[in-house]
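Read the single chain below, which is given as structure tokens and is the form predicted alone.
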């Protein structure tokens, strides 16, 4: 009788545990989407990233440890637009997890909800690593984060319907804070508008579009093709008639090419964080853009 009473007491206690203690297990392909998921989910989500700010998201190995994380995920949040084409399909297949396959509620691509830039008029292997759907580095414009956040909050609410109001409230709070921050960043960066820059890769297309930077050249002779001394020398000659003020690279791109060109062209080479974790100050989405704007302004003086 005593053991039965103990059992009933434990069962009642378990039933009384608040539902909010449960969590949606989210695997993000990149740090920016893990950070956004945490903004929208708070204590309702457990979000980790498959990659770090020091890794090129184009080129990741689907290791067994990563496959195990995908196997246990309720939701996979990725960029899409073929950014992860080299490793995500294998990861999804090997996970054996039906919840996160394309077409299921547990599969989410940010690129589905924004206007993509750099859509090629035609596809040719000779063009280099060109993405058919358009440029996937969409998070570098924080205005895109507002659109993705709306869609992602709805997806979280679909997966965890009992807490739909929670995700809606957190999204409204995020929208307000991010909109205010965007207005502040645009004011702070007004002096950068029209500034000519060189970019290592197409990583900065959306940042340039947002802030009005003018990308006059890329370090890569073709997208995804690392620059050689010959291609850098040709670019150096070109900059004599079409000068730039800065050379931009991400935290995961090699410093040597931009520093080679910077030394000879007499302009600064600047590493920007690109994503959450790309610098000590970029601890979340707000710190990411605070640091990006601050570094651009300091280097342009």
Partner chain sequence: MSIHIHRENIMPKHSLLAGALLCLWAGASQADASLDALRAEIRQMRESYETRLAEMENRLRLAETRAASFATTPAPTPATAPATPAPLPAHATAANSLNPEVSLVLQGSYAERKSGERAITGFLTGGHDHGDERGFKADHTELTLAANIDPNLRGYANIAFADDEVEVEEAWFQTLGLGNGFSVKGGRFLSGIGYANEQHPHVWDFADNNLMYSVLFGEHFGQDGLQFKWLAPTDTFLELGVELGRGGNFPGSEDGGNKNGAGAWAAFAHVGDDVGVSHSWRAGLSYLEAKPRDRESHVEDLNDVEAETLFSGKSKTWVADLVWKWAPDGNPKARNFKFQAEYFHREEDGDFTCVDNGPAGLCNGTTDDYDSRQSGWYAQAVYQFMPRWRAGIRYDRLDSGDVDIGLNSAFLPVADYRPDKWSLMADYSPSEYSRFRLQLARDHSMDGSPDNHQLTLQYIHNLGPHGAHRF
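Residue numbers count along the first chain shown, from 1. Predicted model only: the values in this text are computed from it and were never measured.
The same protein also exists as the form predicted in complex with the partner chain; that form is not shown, yet it is the one meant from here on.
Participant: Given that the partner chain is left out here, which of 157, 117, 217, 208 has a heavy atom within 4.5 Å of it in the predicted complex?
Facilitator: The residue from 157, 117, 217, 208 that makes the contact is 157.
Participant: Identify whether the partner chain in the predicted complex is within 4.5 Å of every residue in the set 64, 90 and 226, based on non-hydrogen atoms.
Facilitator: Every listed residue reaches the partner chain in the predicted complex, so yes.
Participant: Mind telling me which stretch in 272-280, 258-266, 239-247, 48-56 gets its heavy atoms within 4.5 Å of the partner chain in the predicted complex?
Facilitator: Partner-contacting stretch among the options: 48-56.
Participant: Is residue 135 one of the residues lying within 4.5 Å of the partner chain in the predicted complex, judged by heavy atom distances?
Facilitator: Residue-level check for residue 135: no, no contact with the partner chain.
Participant: Report whether the minimum heavy atom distance between residue 165 and the partner chain in the predicted complex is within 4.5 Å.
Facilitator: Residue 165 belongs to the contact set for the partner chain.
Participant: Might residue 74 be said to contact the partner chain in the predicted complex, defining contact as any heavy atom within 4.5 Å?
Facilitator: Contact with the partner chain, no.
Participant: Using a 4.5 angstroms cut-off on non-hydrogen atoms, would residue 196 count as touching the partner chain in the predicted complex?
Facilitator: Although the partner chain is absent here, residue 196 would stay clear of it in the predicted complex, with no heavy atoms inside 4.5 Å.
Participant: Can you name the residues of 170-191 that have a non-hydrogen atom within 4.5 angstroms of the partner chain in the predicted complex?
Facilitator: Heavy-atom contacts within 4.5 Å come from 171, 172, 175, 179.
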